[in-house]
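Presented below, as structure tokens, is a lone chain in the form predicted on its own.
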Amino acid sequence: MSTTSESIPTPAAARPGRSSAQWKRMLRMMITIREFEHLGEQEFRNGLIRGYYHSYAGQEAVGVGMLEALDPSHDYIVDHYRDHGHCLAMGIDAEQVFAELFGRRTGVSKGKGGSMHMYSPDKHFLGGDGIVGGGISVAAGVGMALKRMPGKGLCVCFFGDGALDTGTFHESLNLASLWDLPVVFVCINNQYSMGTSLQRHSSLSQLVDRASGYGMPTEQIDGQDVGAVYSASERIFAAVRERQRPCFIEALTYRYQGHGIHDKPLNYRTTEEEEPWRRRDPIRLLSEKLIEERQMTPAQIEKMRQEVTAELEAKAERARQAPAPEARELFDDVMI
């Protein structure tokens, strides 16, 4: 894909190629995220989940491919409000994520954060954020902390294309570049800022061009192909560690559902627009690759999906039975 501003160098020492087990692990995680979102939307409509719900369905390759390339012992994630899939890909148990959605004490944020505010410092997941672009400045702060710590950890910050219209985006990228912070800013360009298309809210159609003015490497990647995402992430992360400099990535993808659960996407987009993206569905692309290379059969992939769905249904049921937080816990973990 295209690059602008500084180029991102290829590290001298490349890792070995991906194994069959790794491909299957990434497929299983993408299926897990897709089926989790289907169950979550169902439970929202059943009245078990309050507030709002932002589905990650269709965008799985971005999170899975990138987080597969992370060093879980040194790297950190700062997320946006579409955070369920990233939680799962970071190794947070689906039962804890369901419990959080259901407002249960066993949830990843003790039942008090809900859909947009998952948080797990043990897994280096430093929170979703209900404010558009709200996590970008937090990621710059994490990068500053990592710069002062031993090792070469980095922070990956996820946000949508609408966040580029906020002041904190420009302020944070400027400081990250000025101070040489090891932050990878990832714009998940799913073509819409809420119900407003990219063409209607951005004067530049390639969002990498909007970041290139801050003197950091930028790259646009295919967010539908998990292999392409992983390969680019592995290379870019290695360069950020080596150079201790920030980078901006634009991942081109497409969300299948509306901005949120109450949104009806066909009010502002057409089936003709959706079809090319659905033909390049992330799960479909990887499944076809594994079938073509005779690493899996269609029956094995369907069995994997059924196993994943059964596991998620069991975890959702256990999460339903968990206790809610008590009233006395209302101000716990709150800084006043």
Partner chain sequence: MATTAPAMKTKKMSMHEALNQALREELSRDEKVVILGEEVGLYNGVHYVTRGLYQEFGKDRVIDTPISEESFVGVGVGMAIMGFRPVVEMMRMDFSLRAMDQIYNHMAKIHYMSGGHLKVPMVLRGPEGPGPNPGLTAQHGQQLTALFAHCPGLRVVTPATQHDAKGMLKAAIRSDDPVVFLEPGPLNNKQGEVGEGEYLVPLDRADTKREGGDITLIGYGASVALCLQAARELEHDGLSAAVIDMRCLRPLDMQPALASVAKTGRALIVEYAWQSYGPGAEIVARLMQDAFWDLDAPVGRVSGKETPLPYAANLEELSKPQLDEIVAKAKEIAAA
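Source: prediction; values computed, not measured. Residue numbers count along the first chain shown, from 1.
Not on display, but discussed next: the form predicted in complex with the partner chain.
Considering 193, 220, 257, 231, which brings a non-hydrogen atom within 4.5 Å of the partner chain in the predicted bound form? The option sitting close enough to the partner is 193.
Do residue 285 and the partner chain share at least one heavy atom pair within 4.5 Å in the predicted bound form? No, residue 285 sits far enough from the partner chain in the predicted bound form that none of its heavy atoms falls within 4.5 Å.
Could you tell me if residue 324 has a non-hydrogen atom within 4.5 Å of the partner chain in the predicted bound form? Contact check for residue 324: yes, within 4.5 Å of the partner chain in the predicted bound form.
With the partner left out here, check for me: in the predicted bound form, does some heavy atom of residue 242 sit within 4.5 Å of the partner chain? Residue 242: no, not in contact with the partner chain in the predicted bound form.
Proximity of residue 116 to the partner chain in the predicted bound form, heavy atoms at 4.5 Å: Residue 116 belongs to the contact set for the partner chain.
Location of the partner chain contact in the predicted bound form, chosen stretch of 233-241, 183-191, 105-113, 220-228 [non-hydrogen atom, 4.5 Å]: Going by heavy atoms within 4.5 Å, the stretch is 105-113.
In the predicted bound form: members of 143-157 within 4.5 Å of the partner chain, any heavy atom: Stretch hits, in order: 144, 145, 146, 148, 149.
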